[in-house]
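A lone chain, given as structure tokens: the form predicted on its own.
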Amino acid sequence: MWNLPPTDTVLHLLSYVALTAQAMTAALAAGRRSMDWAGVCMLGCITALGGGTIRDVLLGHYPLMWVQNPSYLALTGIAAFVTILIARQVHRLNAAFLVLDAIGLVVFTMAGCDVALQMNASLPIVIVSGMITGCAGGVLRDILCNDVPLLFRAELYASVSIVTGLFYATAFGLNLNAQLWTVLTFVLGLTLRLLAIRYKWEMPKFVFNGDR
């Protein structure tokens, strides 16, 4: 699905879960902005698939994943629509969605790195590819909802993606055991993100008041 090694069946399944979760959280964000049903479904698709789409366009990696397999587009659109019908129940599962979002960040980052690795890109490009795949969808969601992107104002997010990508890409560059390192990378990234949420780890903020 996301061009991860075919042996990583668990990560493929987690990718489906993460796509669904991102589409559903985007639908809730759309509801807070009183968007119509078409807007809700569109925002769900953009959020879930936007990061991988931007990555593929920048890397010249065609066809785009959802063009090659439209079922991903259907999955995210349906997930967003179902959220309209069960919004109150979904809203109560905030903690669960934080965990699913963390899983999505890590899995999508690894997938983005893997695409760049398959194209023999340099290490910086591999890491940026992973970060775009993991983070850009949420940025698009927040921009379309007229919010300051969560990426720039909440607990460590892009930093987790960068660390995950660096850890993942380094292992493949050194020809280490791919399956073992994939699992270790997933555990590292997920743990780091959940700890950041639990203890509110943040990057230093730049605060400037021109009146002073």
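Residue numbers here begin at 1 and follow the sequence given. As the structure is a computational prediction, the values presented were derived from the model and not from experiment.
Not on display, but discussed next: the form predicted in complex with a further copy of the same chain.
Asker: Has each of Val57, Ile84 and Leu151 got a heavy atom lying within 4.5 angstroms of a further copy of the same chain in the predicted bound form?
Answerer: All of them do, each having a heavy atom within 4.5 Å of the partner.
Asker: Is Ser122 close enough to a further copy of the same chain in the predicted bound form to count, meaning some heavy atom within 4.5 Å?
Answerer: Yes.
Asker: Heavy atoms within 4.5 Å of a further copy of the same chain in the predicted bound form: does Val10 have any?
Answerer: Output for Val10 is no: heavy atoms all beyond 4.5 Å of a further copy of the same chain.
Asker: With heavy atoms only and a cut-off of 4.5 Å, decide whether Ala171 touches a further copy of the same chain in the predicted bound form.
Answerer: No, Ala171 stays farther than 4.5 Å from a further copy of the same chain in the predicted bound form.
Asker: Tell me, yes or no, whether Ala48 is in contact with a further copy of the same chain in the predicted bound form, where a contact means a heavy atom of each within 4.5 Å.
Answerer: Result no; Ala48 lies far from a further copy of the same chain in the predicted bound form.
Asker: Judged by heavy atom distances of 4.5 Å or less, which residues of 142-159 approach a further copy of the same chain in the predicted bound form?
Answerer: Read in sequence order, the residues that approach a further copy of the same chain (within 4.5 Å, in the predicted bound form) are Ile143, Leu144, Cys145, Asn146, Asp147, Val148, Pro149, Leu151, Phe152, Arg153, Ala154, Glu155, Ala158, Ser159.
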